[in-house]
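Form predicted alone, single chain, as structure tokens, below.
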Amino acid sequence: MSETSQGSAALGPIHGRPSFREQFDRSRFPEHGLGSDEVYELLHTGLMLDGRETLNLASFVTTWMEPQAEQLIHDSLRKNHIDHEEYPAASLVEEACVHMLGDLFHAPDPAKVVGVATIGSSEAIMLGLLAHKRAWRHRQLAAGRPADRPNVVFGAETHVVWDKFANYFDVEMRKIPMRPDRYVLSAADVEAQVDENTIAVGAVLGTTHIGEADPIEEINDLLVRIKAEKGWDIPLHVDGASGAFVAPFAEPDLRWDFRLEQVASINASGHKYGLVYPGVGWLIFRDASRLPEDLVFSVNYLGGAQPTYTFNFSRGSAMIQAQMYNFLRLGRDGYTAIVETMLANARHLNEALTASGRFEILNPGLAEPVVTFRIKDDPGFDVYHMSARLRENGWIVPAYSLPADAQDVHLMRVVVRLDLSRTMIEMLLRDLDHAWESLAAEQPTVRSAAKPDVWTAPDKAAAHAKARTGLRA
């Protein structure tokens, strides 16, 4: 019986109860519980302080799914996906998704690909690079060479998880910096960094910072030549967190995937342009030979022997089922229609910003539905002012600077997702215009750049958080 029945009626209306006039102690575990409706209302109203998901143009993560998909998610919430013996149908769905992605990514034989669902692309990248490190180690030892100095080569345009992998797993990070006028890798950059100890080269299909793609086919051709000339069989891992669910439908003839000889593994984020809520990612290997057997564990304490290659053991099954829902619901033609719409809306935004004469577009090629732009000239304010002013209208449009050696480039980014319609883009353009006009009239004082990053500057980030919230040490 609900607490709204006779027994709880004596407590009075929810908004007249002590919990709504007293601050609960966030540092202590509660001694006594509250009614379910009361707790829901406390948390529900508190979360209204967050931004609106659809207006959060900073996020690549999906913010809309069909009601039937949400019902399927609800139906699967209680299933622990690792319990393959108990939930065999759920585990077969994951396996089917892996092979379907192998087909989408043009594996030589989709039936022979191996892969795994992950919490997101960060876990997938970690697992993929770990497999390449172990395979490199096996090759080195078999050839009687030392295996104590592995390195991994990638560019500054990658997600921070690449840095984290190198740090966590004791691999030398050969990170190629950006340039003020170029924000992706080149094959020449890579050639200068690889050697016999390189476990893998990373290339990005749709970068977080700019929305461009590395020249993956050129890098592959370089690695093929190096293999022929020097005998170094260096695998290429494609970080397709954003682009792997865009390129197959927008540019099906673009060669970035397993059609290229050295592409050994690909990660993709199902919860980005795979159109699923967070969190689900995918790691796909070309075939079983790319995943060393000694990394795969077998457990039998759930009732039957089962292999496992993940960092997480227990995890929900819901988003994996939701991914299959989208595959079956949309198919190639459905995904193509949605991707084409998102790209068309991104192009419209690009063209309108360019036509204004106020902004410079940084990724006119649109490898993914992401628009990145900076202010031209000096109107007396910057992108941080613009971002803050747009926030007053509910829009969350991030402003940030690029990594070294392009740190003087300050820009804004709009991620165009499936729930951002042309009508909404016109409203965004209207609010951008109003923000520009008001800031031009005000000529505000200099505004500090983005808040310090908790990963790269933890001390500064902690100080910033204390100052912002008024906390005392």
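Residue numbers run from 1 along the displayed sequence. Bear in mind that the values here come from a model prediction, so they are computed numbers and not experimental data.
Although not depicted, the form predicted in complex with a small molecule is the subject of the following passage.
Of the heavy atoms in Ser122, some are within 4.5 Å of the small molecule in the model of the complex.
Not displayed here, the small molecule is kept clear of Asp214 by more than 4.5 Å at the level of heavy atoms in the model of the complex. The small molecule in the model of the complex comes within 4.5 Å of a heavy atom belonging to Ala241. Though the partner is left out of this view, Lys272 does reach within 4.5 Å of the small molecule in the model of the complex, counting heavy atoms only. Site residues Leu185, Gln193 and Ile219 are none of them in contact with the small molecule in the model of the complex, judged by any heavy atom within 4.5 Å.
When the small molecule is considered in the model of the complex, only one residue from Val161, Ile320, Met178, Val263 comes within 4.5 Å through any heavy atom, namely Val161. Between the small molecule and the residues Asn151, Thr336, Ser401, Thr208, the one pair within 4.5 Å by heavy atoms in the model of the complex involves Thr208. Here the chain stands alone, but in the model of the complex its contact with the small molecule, taken as any heavy atom within 4.5 Å, falls in 233-241 among 142-150, 233-241, 72-80, 344-352.
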